[in-house]
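Just the one chain here, the form predicted on its own, laid out as structure tokens.
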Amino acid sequence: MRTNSTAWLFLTPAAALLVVIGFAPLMTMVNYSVQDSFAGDRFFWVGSEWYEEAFRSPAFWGALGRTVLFAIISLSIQFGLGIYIARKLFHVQKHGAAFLGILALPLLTPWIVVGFVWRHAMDAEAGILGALGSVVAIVPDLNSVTWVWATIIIMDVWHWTSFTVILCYAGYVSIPGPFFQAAQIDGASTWAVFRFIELPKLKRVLTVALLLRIADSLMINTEPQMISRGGPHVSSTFFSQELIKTAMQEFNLGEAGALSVIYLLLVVPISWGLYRLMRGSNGV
């Protein structure tokens, strides 16, 4: 079967530009990861020393583990809520567009503002959530590991659930009406309709949403930095924060380069796997 590859002619300039733009930072990162620097302008070859040190470091494994745990918890809640809300909006179909507009407002909020707002909202004396909590004897304490994690997860769910809702709603709108009519005639249950009609049709948009949200969750930095500065101790220090601290505060470019390469090797296989899943769901 012959395929029309004309589209590649239009994509080639953009793809070439992206390769050129991405090549220099990538090679700089790899170059730093195998060298040690002195005074910022003198470099010495150290080979795999920075990688070995990273894998031996409890700080590295702790930050990576916290990042993965955060992504699993946060994305599980976001996708569950996102699918549920999108399904309700689609089947009710009353002012759905207006609700989507309201739900999209958190997406327009800058990350640093999100962290700032939630930190002050949880303040026991001046914050609205803190004040409401004190009424029922539940006083938020951002010096507590439990409260810090709860705040970061709730904040991330508030910030990004609407992203999943919008994509899922678009997926619902694309499902042909006869599918639902046939299910109704056959007497299919609500669960059967969701399991065998809606979920398979949402597979592609959910894969795209999961790909984007995984990449973003593994890079979370600004919001927890504003809320807890990585504390108490290092309980909310995530991988990206460890990387930024190594590069910008300790100015250890070699170790930071190695951490960046490790992060890249973590994200690329996940992205490729989800991309193949998305392609497979389209029969390609």
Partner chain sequence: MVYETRKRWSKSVVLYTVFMLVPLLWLAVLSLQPNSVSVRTANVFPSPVSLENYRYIFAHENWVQGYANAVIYVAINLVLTLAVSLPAAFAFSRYRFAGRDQAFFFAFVLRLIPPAIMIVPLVQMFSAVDLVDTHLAVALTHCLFTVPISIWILEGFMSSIPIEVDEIAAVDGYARSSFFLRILLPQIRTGIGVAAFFSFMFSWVELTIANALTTVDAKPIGVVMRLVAEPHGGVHIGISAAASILMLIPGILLVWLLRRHLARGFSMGRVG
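Every value quoted in this text rests on a predicted model; they were computed, and no experiment measured them. Numbering follows the first chain given and starts at 1.
There is another form of the same protein, the form predicted in complex with the partner chain; it is not shown, and what comes next is about it.
The three residues L103, W160 and A247 all sit with a heavy atom within 4.5 Å of the partner chain in the predicted complex. Between the options I73, V208, V139, A150, the residue in contact with the partner chain in the predicted complex by a heavy atom within 4.5 angstroms is V208. Residue contact check for L107: one or more of its heavy atoms lie within 4.5 Å of the partner chain in the predicted complex. Mapping the unseen interface onto this chain, T222 counts among the residues with a heavy atom inside 4.5 Å of the partner chain in the predicted complex.
Of the heavy atoms in L26, some are within 4.5 Å of the partner chain in the predicted complex.
Though the partner is left out of this view, E125 does reach within 4.5 Å of the partner chain in the predicted complex, counting heavy atoms only. With contact defined as any non-hydrogen atom lying within 4.5 angstroms of the partner chain in the predicted complex, the contacting residues in 14-28 are A14, L17, L18, V20, I21, G22, F23, P25, L26, T28, given in sequence order.
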